Ligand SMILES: C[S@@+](CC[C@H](N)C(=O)[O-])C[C@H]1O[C@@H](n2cnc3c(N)ncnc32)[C@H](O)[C@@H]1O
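First, one chain by itself: the form predicted on its own, in structure tokens.
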Amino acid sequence: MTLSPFFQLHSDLPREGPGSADDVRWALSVTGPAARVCDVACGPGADTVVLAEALPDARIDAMDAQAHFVAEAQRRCAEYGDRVQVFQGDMATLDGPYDLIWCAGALYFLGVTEGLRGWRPALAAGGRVAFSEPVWVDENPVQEARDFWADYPAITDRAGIEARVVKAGFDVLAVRRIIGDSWANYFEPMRARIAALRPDADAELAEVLDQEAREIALWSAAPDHIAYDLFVVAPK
């Protein structure tokens, strides 16, 4: 399979966004046991593996829109057999019923309010949603943070995200800030991959590498001011 320049870079990486196993386990400490879970926009399956390990009796569906990530996640989760199913799908259309819908850093594609409303029919009675969303750390964000999030004008503070959750008909059960090391878990392997690809990169790939290197540089300039908030929410 011939990969596009984007997927040449975003290939064989441990994860496709900021996060850590501790973030997943924290969310599970809030939600409690779950018999059926959906990892939405699972990428290469980093969080899927943590969910499978932490919930050994659960059935887990992991889905992503990109076939390349699905293939990586399938290889990564093969050891769990039939109880972990990884497939290509549309995050706006979930079947359920799920006790937990997990979505790391991707709900913004649908919008917080719109996505939660759309997922509500896929939740089992007592079901929960855990999602992470970009957030302003400071009341008056530093310029480096403004530059980093320039392509996401919908970013707001924690109260703004909570308002979107309430508008969707959900309650906020708990919130955890994702900052620092959880971002390094994504950007440091990416930095190493850029360096490995750079010597043989053609013009098209070099452009992709430059774009990602700029994002890493912006984060590196203000790592304490660039964050997600991880929310655990439940229908009212």
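Just count from 1 along the sequence shown to find any residue number. Keep in mind that what you see is a predicted model, and the values were worked out from it rather than measured.
There is another form of the same protein, the form predicted together with the named molecule; it is not shown, and what comes next is about it.
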| property | result |
| --- | --- |
| Stretch in contact, per heavy atom within 4.5 angstroms of the named molecule in the predicted bound form, of 136 to 144, 98 to 106, 151 to 159, 77 to 85 | 98 to 106 |
| Residue among 38, 51, 42, 27 with a heavy atom within 4.5 Å of the named molecule in the predicted bound form | 42 |
| Contact residue in the predicted bound form, from 34, 178, 168, 63 (heavy atom within 4.5 Å of the named molecule) | 63 |
| Touches the named molecule in the predicted bound form: residue 69 (any heavy atom, 4.5 Å) | yes |
| Touches the named molecule in the predicted bound form: residue 89 (any heavy atom, 4.5 Å) | yes |
| Contact flag, residue 223 vs the named molecule in the predicted bound form, heavy atom cut 4.5 Å | no |
| Close approach of residue 23 to the named molecule in the predicted bound form, 4.5 Å, heavy atom | no |
